[in-house]
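Given as structure tokens, the chain that follows is alone and in the form predicted alone.
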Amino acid sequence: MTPERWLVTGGAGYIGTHIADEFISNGKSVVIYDSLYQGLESRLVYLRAKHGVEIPLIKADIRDYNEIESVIRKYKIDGIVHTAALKAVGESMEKPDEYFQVNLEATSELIEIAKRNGVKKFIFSSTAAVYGSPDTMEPCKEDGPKAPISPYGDSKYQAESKVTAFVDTPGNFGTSLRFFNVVGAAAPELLDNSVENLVPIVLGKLNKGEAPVIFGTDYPTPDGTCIRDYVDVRDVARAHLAAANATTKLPPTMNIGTGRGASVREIIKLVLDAINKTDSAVIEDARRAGDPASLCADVSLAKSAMGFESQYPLEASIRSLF
């Protein structure tokens, strides 16, 4: 039996390389497609050495549809994990057209190419940003209100419908996985280099000798700061593997989180504890526009549909960064 071959778009990214790592560890073959706009080839160098396998890297833009089609044909791709995206919420406000082009139009085109070439499996990396800024403290359910407040969230939400139409076609499989706040690393070589996520932001400040900043201390939460659901990137990768291995029809969308929230203040304390800087100053500033008080996942659907539950406690995720 030849191993199942998966194309991972954005596969040199923080999340994409963890998915590739998990797939290879479980007997699948991967082909990486990444523009290296945000991805790092060094992550793939690490994975090749770790697994002792050749991992093809096609360096190209997700909007280069002729290139994608030739790659799918050349490597006889069985399934696609589509993580390639623009994902900076603030930047999406300044460049909405580009965000819709990359996140929505390219997803739609990729699905059409998959259909033309007999690819039956498609897993889409989506986001909790589709829920927008809920006015309730209750965990988000997949069938609950969706009100994205950024072109990033909106482009991902609209792309989900394209994926749903594909997986609803008889003979096709897949789903859209909505990640909450992703944290942690399987190895130092695979660390998150994003300037968008809280933990790398805090670490960046501390490494420069600056104090981390809390935006908003007057939210209706136990300590007044925003609460988020932090899920380990290794769990996100495991969720993709569970979806790839599913033999029954999956729900069209599933939350990937822990079902537990942690406040900004708690996260900063965990980081400071991990680096023995508990006496470090923390600056408190005004709220930022669009930050919901609480954004946590109802994780019951992923558990019932594919037996997936997060394994890594938050403390272990934070420690994995050092």
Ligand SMILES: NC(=O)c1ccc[n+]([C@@H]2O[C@H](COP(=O)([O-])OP(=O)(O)OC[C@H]3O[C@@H](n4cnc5c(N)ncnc54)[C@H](O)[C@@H]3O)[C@@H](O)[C@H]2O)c1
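Numbers follow the displayed sequence, beginning with 1. Note that this is a predicted model, so its numbers are computed, not measured.
This protein has a second form, the form predicted in complex with the named molecule, left out of what is shown; the following refers to that one.
Engineer: What is the one choice in Ile72, Val182, Ala243, Ile111 with a heavy atom within 4.5 Å of the named molecule in the model of the complex?
Structural biologist: Looking at Ile72, Val182, Ala243, Ile111 one by one, just Val182 meets the 4.5 Å heavy-atom criterion.
Engineer: To verify the annotation, which of these, Ser294, Ser280, Thr253, Gln38, has a non-hydrogen atom within 4.5 Å of the named molecule in the model of the complex?
Structural biologist: Among Ser294, Ser280, Thr253, Gln38, a heavy atom within 4.5 Å of the named molecule in the model of the complex occurs only for Gln38.
Engineer: 262-270, 286-294, 62-70, 49-57: which one contacts the named molecule in the model of the complex at 4.5 Å, heavy atom to heavy atom?
Structural biologist: This holds for exactly one stretch, 62-70.
Engineer: Contact check in the model of the complex: Ala237, Thr258 and Ser310 versus the named molecule, with a cutoff of 4.5 Å between any heavy atoms. Do all three pass?
Structural biologist: Result no, not one residue of the spot touches the named molecule.
Engineer: With a cut-off of 4.5 Å between heavy atoms, is Val81 one of the residues that contacts the named molecule in the model of the complex?
Structural biologist: Output for Val81 is no: heavy atoms all beyond 4.5 Å of the named molecule.
Engineer: Taking any heavy atom pair closer than or equal to 4.5 Å as contact, tell me whether Lys156 reaches the named molecule in the model of the complex.
Structural biologist: The answer is yes: Lys156 has a heavy atom within 4.5 Å of the named molecule.
Engineer: Contact with the named molecule in the model of the complex for Asn197, defined as at least one heavy atom pair within 4.5 Å: yes or no?
Structural biologist: Yes, contact at 4.5 Å.
Engineer: Taking the named molecule as it sits in the model of the complex, is Ile214 in contact with it (heavy atom to heavy atom, 4.5 Å or less)?
Structural biologist: Result no; Ile214 lies far from the named molecule in the model of the complex.
Engineer: Select from 86-103 the residues with a non-hydrogen atom within 4.5 Å of the named molecule in the model of the complex and write them out in sequence order.
Structural biologist: Leu86, Lys87, Val102, in sequence order.
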